[in-house]
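One chain is shown next in structure tokens, namely the form predicted on its own.
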Amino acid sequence: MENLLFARSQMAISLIFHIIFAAIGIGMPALMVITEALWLRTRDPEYLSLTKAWSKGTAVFFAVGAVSGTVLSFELGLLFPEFMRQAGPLIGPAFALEGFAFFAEGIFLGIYLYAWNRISPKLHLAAGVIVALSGFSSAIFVLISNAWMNAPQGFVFANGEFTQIQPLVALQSPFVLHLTVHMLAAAYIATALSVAAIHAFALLKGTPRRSFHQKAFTTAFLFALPFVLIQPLVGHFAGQQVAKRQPLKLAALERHYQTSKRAPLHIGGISDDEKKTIRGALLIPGGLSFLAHTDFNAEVTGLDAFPREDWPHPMVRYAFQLMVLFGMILVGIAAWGILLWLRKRPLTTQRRFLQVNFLTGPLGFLALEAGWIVTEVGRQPWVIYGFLRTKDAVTPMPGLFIPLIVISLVYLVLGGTVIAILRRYVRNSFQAEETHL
């Protein structure tokens, strides 16, 4: 059990760290392409200045994301060799395609950063578009692999082995659609609102480059706006897919203990697995039945239908509640922004609105992290849902606490270094003239 705990802890720490940089690698290229397109259209030098500032930040995050992503790929093979032996023939093609997308992103990011005066503006913009599409594609291929782990197909399972392998069928897992859309929207939201928060702070502080930060805030906020509004709908669709194909996960998320019709929805509260109760929650009769099956009287499978040792950890419920709470707060801010726009009040002149955006800037990433806890911990005790248990996939090699400690320290140092670099860069470069960017 210690081996399993250390291996899972190391993967958890690596994923928590890497997903931040992966999300930024998806979102920042899209933002810098938008501002470069605006510069080509308007020839406003502030858009060019903004593009160069954002592209430098993109480069920093890409470099760190490449390192943490490489560590993760090694960890899969070293910590969970049985998983790779069984799943490799099925999801190997997706990982290979992700590698191609990653290399394309790196190559064209280099062109984008260093070829400003060597190629035409339109070709330079095209290089940026390829960077954005490569980051987008890289994420999709990784998510296809994760979707297969949650809803595996494309094989015949016989005598504990995957036979009659069909990789193309495996790539079409029924979880692909909602998982990719939900994650990509989350990445765009988290990145754009964090960027908006930085520029909101600059506007609140009274920067001398007010027009620069107004353009930056408006671009980032408006980019996030449609994704914030559609995310609850995507999340609802995702929940219905989980109810259909992973009833244990749904029961664990809601801590729905007894299989029943007209199942209530519990908002908030503290769950108790021993007493099988939830204390202090707001109760909506039939709410869970409706969300899961679009029918207030539908039957929802409870935890009582599964062995006690298979129940996912109670943390998944709290992570799910936090994800929904943070998402609803962001929807409220988006609605506030739309209301201000309808009333013809410029967003960047509303001090209270800027303050709220600054304070809630991290919520997108917090919701993203909570969502991945829901996805990964909620799948336990399976690494391949319904076919291979995590405890059967872990390496028998002893002493896994050593790499756990080493990796944790490396990430602490690396994370601290990135924060220091970006803090200094944000403080200094936004005050600089365009010629220095």
Partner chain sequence: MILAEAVALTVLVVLVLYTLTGGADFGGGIWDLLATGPRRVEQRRLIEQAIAPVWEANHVWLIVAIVLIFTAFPLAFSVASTALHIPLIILLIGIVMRGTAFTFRQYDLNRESRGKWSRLFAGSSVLVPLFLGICLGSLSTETIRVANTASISGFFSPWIGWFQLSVGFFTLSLFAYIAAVYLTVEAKESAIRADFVRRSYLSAISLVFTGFVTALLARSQAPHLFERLTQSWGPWFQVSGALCLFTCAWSLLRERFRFARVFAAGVAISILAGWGYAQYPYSIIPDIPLNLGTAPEATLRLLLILLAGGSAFLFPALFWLFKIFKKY
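These numbers were taken from a predicted model, which means no experiment stands behind them. Residue numbers count along the first chain shown, from 1.
From this point on, the text means the form predicted in complex with its partner chain, which you will not see here.
The stretch among 205 to 213, 240 to 248, 89 to 97, 319 to 327 whose residues place heavy atoms within 4.5 Å of its partner chain in the predicted bound form is 89 to 97. None of Met84, Leu265, Leu229, Ala151 but one reaches within 4.5 angstroms of its partner chain in the predicted bound form through a heavy atom, and that residue is Met84. Of the residues given (Trp372, Trp382, Phe62, Trp39), Phe62 alone sits with a heavy atom within 4.5 Å of its partner chain in the predicted bound form. The shortest heavy atom separation between Leu400 and its partner chain in the predicted bound form is within 4.5 Å.
Put simply, Arg118 is close to its partner chain in the predicted bound form: some heavy atom of it is within 4.5 Å. Using a 4.5 angstroms threshold between heavy atoms, Ser73 counts as touching its partner chain in the predicted bound form. Shown alone here, Ile421 lies within 4.5 Å of its partner chain in the predicted bound form, counting heavy atoms only. Residues are counted as partner-facing when one of their heavy atoms sits within 4.5 Å of its partner chain in the predicted bound form; in 305 to 320 not one qualifies.
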